[in-house]
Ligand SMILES: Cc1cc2nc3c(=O)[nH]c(=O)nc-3n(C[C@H](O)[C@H](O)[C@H](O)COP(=O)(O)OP(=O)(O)OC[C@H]3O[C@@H](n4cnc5c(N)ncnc54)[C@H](O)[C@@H]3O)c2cc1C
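The chain below stands alone and is given in structure tokens; this is the form predicted alone.
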């Protein structure tokens, strides 16, 4: 297969909230960009699945005049267990309000009080109610951002385009290599700056509330290109995703709605005993309580706990009004798909893979450790820390997206387009041809992917230990060896099996270094809980875990956390 080639100033990989915002900022700088989406902008990635909550410390312009960017910053640092780099956390906290106003200018609708102040809801970990309420949730946000991208002449969007590798010139990244599913062509896009905005790796796990496309492509490609990867052991689980019935498995029901202000219900064990007291704890604490209940044999028939609003003193009608006001589509979906009315009956829920706290290591400009490569949003890794504060995910797509888009554009103005190393391009062509070549007994990529999901679920769950992780890592390494046996049909358009083969390769890389990172950190902190190292060890492990490819193998090390405003007090 030969390559079709394009050139641009900045190439942005992704199509969700962070990718759109980065591309918009490049446009504002007057440069050209190409945005590459695995699916369709506005309808792909994690952003459309999000609910109303996007944090911004509006203070007098919001619900509580006492709130400030400084307080938001402090809340993020504390929630992250002092593992987030504060030079980047500052970008999120101190530019959040401006980015919300940008979204409003683009056309995103927010709920407001009659006097024009932003309506804001409380979430665990927020000192003051800070979550702005987006009308129609993340789907509305995604649609509006995609529309804003589409109206700009200097942004070109490639839909149904799967990026599977980065192009190198020496040690620098000079673009990307991908497959146009519509035409079947391999495409090399040469760019002065390359921005990864691919979202998380949460769908490396079988039980996840994220779309199946979030398989860690960005992290894996950056790792293979020589970039530093950080803190992959901190995969955030969410504690109350639907377990039963199967028709709605993986749907999120928010435990945060159990506060007195809203549904005022309870999370209980199989016998109806309340397991989470109020005020509700932040997510890493909540997940431990739920998981401990299940491990103690007090779980529900399908291995979870009960999300029970029938215990609310407010009564069925008032509870129903909360769901119809706060999460109307999710509430109605459970009724339509499973006949379950959250206001009338308990629901079996359990922990599911939810958010990637680790990822590509960046500085405050979004630069990775490799020249020409940037990252923003969920695939960037060193600012949420060991646990993400509720409401920060959508906020970081806009804050880091704008920051990284602007900085990558500024740098692109100083660079020339460089050709990719010929040997690098030929190696990528051989990879594709390997999967397409005829084999007497070929492995289908879907079976490799299924084994990766099972292995992650079993051996790197919220609680893990060295013995289980060694078994899991051994399986992943074996699956990496099986990749060369994959055979797919040689068809032109929409060759989904070829896409799955290339995706399986990246999944195996991401899974391997996730296991290695979790084995390297010998303590428990945030969403990383070692049964064999149950205590938090601030003396030795209040630091980042870094993994980098050295001579074709992962090399693990520690790196100091950057503190700018708040140093931890022992």
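Residue numbers count along the first chain shown, from 1. Computed from a predicted model, the values in this text were never measured in an experiment.
The discussion below concerns the form predicted in complex with the ligand, not included here.
Out of 44, 529, 27, 517, which one falls within 4.5 Å of the ligand in the model of the complex, going by heavy atoms?
-> Comparing distances to the ligand in the model of the complex, the residue within 4.5 Å is 44.
Among 456, 357, 163, 360, which has at least one heavy atom within 4.5 Å of the ligand in the model of the complex?
-> So the residue touching the ligand in the model of the complex, by this definition, is 163.
Three residues, 77, 352 and 386; all within 4.5 Å of the ligand in the model of the complex via heavy atoms?
-> Answer is no for this spot.
Using the partner position in the model of the complex, report whether residue 22 sits within 4.5 Å of the ligand, counting heavy atoms only.
-> Result no; residue 22 lies far from the ligand in the model of the complex.
Is residue 59 close to the ligand in the model of the complex, meaning a heavy atom pair under 4.5 Å apart or at it?
-> No, residue 59 is distant from the partner.
Closest heavy atom of residue 49 to the ligand in the model of the complex, within 4.5 Å or not?
-> Contact with the ligand, yes.
Answer yes if any heavy atom of residue 91 is within 4.5 Å of a heavy atom of the ligand in the model of the complex; otherwise answer no.
-> No.
Interface segment, criterion being heavy atoms within 4.5 Å of the ligand in the model of the complex, picked from 60 to 68, 509 to 517, 538 to 546, 30 to 38 | Checking each option against the 4.5 Å cut-off leaves 30 to 38.
Taking the ligand in the model of the complex, which residues of 5 to 25 have any heavy atom within 4.5 Å of it?
-> Going through 5 to 25 in order - heavy atoms within 4.5 Å of the ligand in the model of the complex - the hits are 13, 14, 15, 16, 17, 18, 19.
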